Ligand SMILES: Nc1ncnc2c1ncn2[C@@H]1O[C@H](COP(=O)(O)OP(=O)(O)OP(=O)(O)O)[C@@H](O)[C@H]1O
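Presented below, as structure tokens, is a lone chain in the form predicted alone.
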Amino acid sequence: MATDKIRVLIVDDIAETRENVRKLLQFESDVDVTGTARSGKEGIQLALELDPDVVLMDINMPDIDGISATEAIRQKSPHIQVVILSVQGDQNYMRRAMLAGARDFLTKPPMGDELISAIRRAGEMSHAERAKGAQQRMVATTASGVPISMSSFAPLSKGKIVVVYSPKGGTGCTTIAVNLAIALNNEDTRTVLVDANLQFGDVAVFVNEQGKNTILEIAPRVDDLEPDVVEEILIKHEASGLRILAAPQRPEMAEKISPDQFTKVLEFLQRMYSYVVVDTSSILTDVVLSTIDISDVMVLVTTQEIPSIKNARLCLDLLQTMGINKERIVFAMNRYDKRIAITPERVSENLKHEVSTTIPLDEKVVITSVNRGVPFMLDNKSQPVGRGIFSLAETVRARLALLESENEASVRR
């Protein structure tokens, strides 16, 4: 069927390369070349207009390089999968491509079979992402935009739990969790933000929504919840479209929620949302430990301060003891200041775990956003700190896709 064809956009500044690839693909009955672009900017524009399943992207172009173009396309259309082509098979290029959200990385000129296999894998992923997004939109709203009962539909495919944690207080975990959740949330990937700091959680304060419903309305009846009831209880953050499950309003109320109840709540939310982003306390309570245990990816936050790095090392050792796969940990450096000699590279080397994302120091933007209760990803996302969060969101997406493909491969074996 024509609708099952993999629609491909070719982006390369060399006309001969574009034509050679187009000719190669015209013999594949399940592939349809919908367009070609001569530059990164044109590639971004055509990706928006043509909405292909797969973009074949050259890495070196005169205006915008392929990695920046990939990032721009994936931010606007997460279901579009990008396969990067580069004359250099450099590990650093490959890493940057994956962090930007690329699905695959091939050296030029690619072998015919290798290219077609990569397109088919990416096409399959794109079709799955589109189907998931369509199902979630159908489940979430009627045509008029009014929430409808979700219990009448089949359960969605499981969403992903993303935990944001730092073993050192004051490193900016809540700031990261709130803004990361906003970056991940769109029509295709609806996101819920959960506060696991049950005694002194600040997530609701960060979005100026305190004094509303909390997890206490859900946890005690976790064994007989209905999706439409949960949707009503969650705080609806109008400015971002995000859904929020806040911590109790008083510290002593934290005792009313058991680790078992909390993890059941998260697992229930997985059926309703693509991403469940969880903010945590630095103290490893039973609730935090059980949340880390069931998470798909953990964002481990450090800063350039020695106590923070020391605690990150202890945490990495503990996670290894707990049997947490190293691939599940996205190591991020917050408040990165280039003037300080402790670089991400030095920390990566010292802790034997790569710092995959840096979020730059910008006290003015961050502190103002916290005090106003307006996350900077809403009105300052083009600032360097906003671009750092976008980069973290794409790293998380890429890591989840990598883990999923590894899981699928091990199941096939």
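Treat the numbers as computed from the prediction; the structure is a model and nothing was measured. Residues carry their position along the shown sequence, with the first being 1.
Keep in mind that the form predicted together with the named molecule is not shown, yet the notes after this line are about it.
Out of the listed residues L46, V31, V370, M61, V370 is the one that sits within 4.5 Å of the named molecule in the model of the complex by at least one heavy atom. Among the residues Q270, T174, N311, T291, the one placing a heavy atom within 4.5 Å of the named molecule in the model of the complex is T174. In the model of the complex, R335 approaches the named molecule with a heavy atom inside 4.5 Å. Although the partner is absent here, E363 sits close enough that one of its heavy atoms falls within 4.5 Å of the named molecule in the model of the complex.
In the model of the complex, the named molecule lies farther than 4.5 Å from every heavy atom of G211. Among heavy atoms of I359, some come within 4.5 Å of the named molecule in the model of the complex.
Contact annotation: the named molecule lies within 4.5 Å of heavy atoms from the stretch 162-170 in the model of the complex, the single such stretch among 315-323, 229-237, 180-188, 162-170. Site residues N197, F206 and V385 are all in contact with the named molecule in the model of the complex, judged by any heavy atom within 4.5 Å.
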